[in-house]
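This document starts with one chain, in the form predicted on its own, laid out as structure tokens.
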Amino acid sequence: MLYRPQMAIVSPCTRFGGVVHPPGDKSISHRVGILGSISSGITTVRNFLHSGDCVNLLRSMEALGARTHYSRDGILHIHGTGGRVMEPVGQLDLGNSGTALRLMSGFLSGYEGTFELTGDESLRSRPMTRIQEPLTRMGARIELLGSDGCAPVRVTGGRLKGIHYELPVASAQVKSCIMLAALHAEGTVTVVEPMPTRDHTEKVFRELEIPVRENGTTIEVDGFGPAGPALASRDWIIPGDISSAAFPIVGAAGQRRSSLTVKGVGLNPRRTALLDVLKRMGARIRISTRSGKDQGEAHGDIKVSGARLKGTEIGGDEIPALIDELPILAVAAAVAEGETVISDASELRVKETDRISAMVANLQAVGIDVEERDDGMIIQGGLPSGDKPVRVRSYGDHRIAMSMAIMALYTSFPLHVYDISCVETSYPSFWEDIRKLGADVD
């Protein structure tokens, strides 16, 4: 039985390491869950992320007509609809997942009918205007029923047409939303990114033999018209999620006596900027890459040996590939020598919480010298001494909760991390995993 408290007391740790198998990649799980649900036959998925976000996605696909079940060996079986969906009774609840809500909005835009998508309080506070404009231009009707352009989202689908759309902000979620809508469009849909973002949708499309063309930052998808694509079922293997692996990696990277091996993790080049930054900070990281059937995704093992970290600058074109890892990189900066500047990251303010303000508040509570900026923060590395416990908050954000748990490994005093049920949305075995690696968690 996994350890799932509402508040965790995490104490300092002088040696953190061992072997960890991170959970399945959430981004790939979302895309496979959606497209497997409209395939013909039964799609089998190994290492599908069984977290709150992905469970809510599967429940939504079941409400649209698919059937899912797990076999005794933990393999997910998706009984597809053969391309059809039915109008659900009531709203589709995506929980805490902005990715799922945006992808589903695009996906459902090509189907006749009206669908309402919602989520928890945090998700209903996140802006959805970025998907409204392109989907409306394609011919769907997108109503943002919340305040200030937020969810719930009401999608009225229908005949879609091809468009040429230049993303105002680099966003893999918005790009993928448009690409999923493109499956039911007449003509070609072209998306131009200001800089490259995660390309999981492109890779999943290719595995399903959906034609997609890339030329630099331009992506083209030829629509299949109102009937949509005829997708065959297949077997999938989801690699481990490097965004989840980031937490134990940072937990070991700055501990001189630590040694960690992360097994079977996805090594998509557009997801490994975390490793590049840590190497720049002095981390000792070795990567062994394998290829295989994992959605055309590179994957392999990462070995981390503890070392003394030093400050760096993080910003510019590397930010889109780092956006989920910036909270834990702020922890790496806090334990490093010297100054770290994180900039061009204003997107952090519209995640599950305002991650800039949340991390600044928590690091300051621990005693770190950190300055908040509109688009990031400046962190002066160096840990204060002391022995009295310090309270920090997750602000309902899974990445903040896990980042502060890793922060506690480096302090000289315990951290009381409050409101940690949110960790279930992406890494259900997190507490169990870090305990096995040597963390003292009560």
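On a predicted model such as this, the values are computed, not experimentally measured, just so you know. Residue positions are given as counts along the sequence shown, with the first one as 1.
Only in words, not in the display: the form predicted in complex with a small molecule, which the text now covers.
* Could you tell me which stretch in 78-86, 274-282, 323-331, 225-233 has residues with non-hydrogen atoms within 4.5 Å of the small molecule in the predicted complex? => In the other structure, the partner sits against 323-331.
* Asked: So which of T353, Q255, Q173, T312 reaches within 4.5 angstroms of the small molecule in the predicted complex, heavy atom to heavy atom?
  -> Partner contact (heavy atom, 4.5 Å) among the options: Q173.
* **Partner-contacting position among S51, S403, S27, S37 - heavy atom within 4.5 Å of the small molecule in the predicted complex** => Exactly one listed residue reaches within 4.5 Å, namely S27.
* Asked: Does the trio H21, N47 and H299 actually contact the small molecule in the predicted complex, every residue with a heavy atom within 4.5 Å?
  -> So, no: the whole triplet misses the small molecule.
* To do: Although the small molecule is absent from this view, report whether N268 comes within 4.5 Å of it in the predicted complex, heavy atoms only.
  => N268: no, not in contact with the small molecule in the predicted complex.
* **Exercise: T99 in contact with the small molecule in the predicted complex, heavy atom 4.5 Å** => Yes, T99 lies within 4.5 Å of the small molecule in the predicted complex.
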